[in-house]
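Next up is one chain by itself, shown in structure tokens, the form predicted alone.
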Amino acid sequence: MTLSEPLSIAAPAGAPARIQHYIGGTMVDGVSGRTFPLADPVSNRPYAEVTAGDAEDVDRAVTAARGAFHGGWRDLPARARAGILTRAADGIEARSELLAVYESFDTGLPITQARGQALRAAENFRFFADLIVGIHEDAFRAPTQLGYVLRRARGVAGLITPWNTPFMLETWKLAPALAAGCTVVLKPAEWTPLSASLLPEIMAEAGVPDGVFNVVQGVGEVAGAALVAHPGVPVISFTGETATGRVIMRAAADHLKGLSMELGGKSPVVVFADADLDAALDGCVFGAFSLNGERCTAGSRVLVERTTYARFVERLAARARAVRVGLPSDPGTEVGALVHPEHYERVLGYVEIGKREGARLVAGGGRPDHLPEGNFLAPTVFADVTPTMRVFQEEIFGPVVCVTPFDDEEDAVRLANDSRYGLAAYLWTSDLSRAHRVAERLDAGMQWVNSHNVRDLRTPFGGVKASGVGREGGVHSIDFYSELRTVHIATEETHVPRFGADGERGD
């Protein structure tokens, strides 16, 4: 392909030209009739219109969800809900290739990685189907009483999802909310709503009753804000940037809503000289550049012990230059197109900031020569980055990694924690004692030692500091969508101080 040859790309066969709301079991337009265009990230040309939801549409969806909640969904036995979730997983697996194609086209993710996300989405439903059947309530036996805990679904759950791996993250919220007995209103990201357009069919086939699952399309500042503000939605689960999370917290405060928010990250990768450096290099490259670098848990700050720093930077730069950047639909592509021109310009802006701040650019930094249009950026590596630089401190959310040397364990911990974020951290060392010492001191909600980001769905997922509020995953997800009520039963006569007893004797 030459620089003058334009990219030719067409929407996937069967992709809708108009993406609507799904409310009460019916595909509907918005009350206002307004729409906005949806473009793919390779050509940046519109291929569909999306219904622009507003407060009236959200109210219709919440009304439908409340009716379905009180109409029987919350009282459905766990085994019955689990069966529906399992059938939903079957429906996702049956459409896994179509979902991957939609996701890759809409987000710019490489098709091979989009396929993995589609399969993970099915596993989300299977996991929570199994969990809700096997979960148990706590019981506490005391000398004079027995206490036990009841879980009761909280009502309508508002789910607001991001654009980076949209379908997988939608199911990560949908599955536990439905398993717990909540009904839902989903607000997908406005930049990437295509794969969510398959959910109504999947849910209906699985036997989800009308009104239990609803979708309102639209921009976050309008539809998302209306969902957060609605008094009939007691819980909000949000994944997105920290600034938006703050806005949601303020808006939710009026109704004291339950919040679970997984926000931004600037996760450190700490590489000690005694580590398996080949494995650490693999982890750094994959962690920084998979999913186009558009991942909250990306290892975007690589901290390397000074004795091996120069060689590690050289090898990391060489690997970054060899990463295959190409069309998302090409199975050989490892980094595709960034999701949207607005985000693309933001990431390019950070590349320029890094240069101005004095960071040493050792790989990437611009558009690959063979891709004359679209939101493409060559994997970018900055070396000699200091903690005062914006590229060290601020989330870039693209295929850009910063490398910084450290002198000893104390220095490594100081640099790793020198961030307002605290979502994930990665540690590479062959010293088991050091691994435990450092892991205890790192400000991160999740850590991996001698591993990249391998998720166990049973474990709590979430961050500290500006990276979020609350935890989801396993039983933590079910608890978030549930009200926990404790019942105490006296098992024998108890002694109660008899206040005012003298008054009965007429004294």
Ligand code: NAD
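Residue numbers here begin at 1 and follow the sequence given. From a predicted model like this one, the values you see are computed outputs, not experimental measurements.
We do not show the form predicted in complex with the named molecule, though everything after this point is about it.
Asks: So in the model of the complex, does Ala189 come within 4.5 Å of the named molecule, heavy atom to heavy atom?
Replies: Although the named molecule is absent here, Ala189 would touch it in the model of the complex, with heavy atoms inside 4.5 Å.
Asks: May I ask you to check whether Thr244 falls inside a 4.5 Å heavy atom distance of the named molecule in the model of the complex?
Replies: The answer is yes: Thr244 has a heavy atom within 4.5 Å of the named molecule.
Asks: Does the named molecule get within 4.5 angstroms of any non-hydrogen atom of Glu221 in the model of the complex?
Replies: Result yes; Glu221 sits at the interface with the named molecule in the model of the complex.
Asks: Is the gap between Glu103 and the named molecule in the model of the complex 4.5 Å or less for some heavy atom pair?
Replies: Outside the cut-off, so no.
Asks: Looking at 231 to 239, 433 to 441, 204 to 212, 120 to 128, which stretch has residues with any non-hydrogen atom within 4.5 Å of the named molecule in the model of the complex?
Replies: In the other structure, the partner sits against 231 to 239.
Asks: So, Ile160, Asn164 and Gly265: all three within 4.5 Å of the named molecule in the model of the complex by heavy atoms, or not?
Replies: Verified in the model of the complex; spot residues all in contact, yes.
Asks: So which of Val304, Ala280, Val400, Cys296 gets a non-hydrogen atom within 4.5 Å of the named molecule in the model of the complex?
Replies: The residue from Val304, Ala280, Val400, Cys296 that makes the contact is Cys296.
Asks: Just give me the single entry in Leu169, Ala383, Ala175, Leu199 that has a non-hydrogen atom within 4.5 angstroms of the named molecule in the model of the complex.
Replies: Of the listed residues, the single hit is Leu169.
Asks: Can you tell me which residues in 418 to 441 come within 4.5 angstroms of the named molecule in the model of the complex, by heavy atoms?
Replies: Only Leu423 sits within 4.5 Å of the partner.
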